[in-house]
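Take a look at this single chain in structure tokens; it is the form predicted on its own.
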């Protein structure tokens, strides 16, 4: 069985050598140069990731990873921990927001138990449970280093086991904005107050408690900002590690990962901290309304594709961005060229 280091060694830079060919095709089409803006850059990135000027985009899958968090016992969420398992069943039964949007986008949804605090025996659920939720990181590490590595490697394995041309990430876990903020806070060197939001809709007093919980957890555990696995182990979550693994797995397969919102972007921060080339292989689907997500994306140097005021998670933003990519690729392949359409370039 390959180790995390083995997998990381398999990721190299995307093939920027194909970009000139892609741009030549785009520039030959019946439109002013560069007039499709971000759609053109998405075409270029799809090509660079796959290493061909003829990238494929038919098979699309969104992985919705679920896990519970011991820190919920500190009162940082408006919902009880039991909701995580209930929502997992809703995903499997295709009743959640991600199911609806994914179906519209032509995406398969794969639901994964990374660390739900109860046993969920139902058809259609992938069991990659590392443990029955993380520990409360205000009294000790959220997990062991071995568990942190296992969560990442499990995510890599999921990506390698499924066929896809585009991968979307999603999450579910009551309280998971708290470890996501903590992980990003440590790696980016941010103040907890700047990257901690209301999550499930907590009031001002609970928000203050949440910031304090994150600060106390970081002071107690002293995670090493230069070691993303240590940060994940000290203050993270199993689904966050799994999402980092999905992004790494997509890079290994030379496929684009479409990162969802706040929690998924924390996973992307972990993934890029493990291998600098990961940066070439993912985009951020949308700007979450959750406080701090704009700081996450600016730190990563990623411009979200969409800004719709959303903060649901699950993979909903990824599903919408995948539709944008699908549209971009149809334009790339199906739009007429000046020569083919008999249009004079100077007329535009």
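Residue numbers count along the first chain shown, from 1. All of these numbers come straight from a predicted model, not from anything done at the bench.
One more form of this protein should be noted, the form predicted together with another copy of the chain, which is absent from this view; the next part is about it.
- In plain terms, the part of the chain that comes close to another copy of the chain in the predicted bound form, with a heavy atom within 4.5 Å, is 199-207 out of 144-152, 199-207, 124-132, 231-239.
- Shown without its partner, this chain lists 186, 213, 116, 96 as candidates; in the predicted bound form, only 96 has a non-hydrogen atom within 4.5 angstroms of another copy of the chain.
- The contact with another copy of the chain in the predicted bound form, taken as any heavy atom within 4.5 Å, belongs to 39 out of 39, 26, 300, 53.
- When contacts are judged by a 4.5 Å heavy atom cut-off, residue 2 does not count as touching another copy of the chain in the predicted bound form.
- Among residues of the shown chain, residue 31 is one whose heavy atoms approach another copy of the chain to within 4.5 Å in the predicted bound form.
- Another copy of the chain is not shown here, but in the predicted bound form it comes within 4.5 Å of a heavy atom of residue 82.
- Residue 225 falls outside the set of residues with a heavy atom inside 4.5 Å of another copy of the chain in the predicted bound form.
- For the stretch 264-290, the set of residues having any non-hydrogen atom within 4.5 angstroms of another copy of the chain in the predicted bound form is empty.
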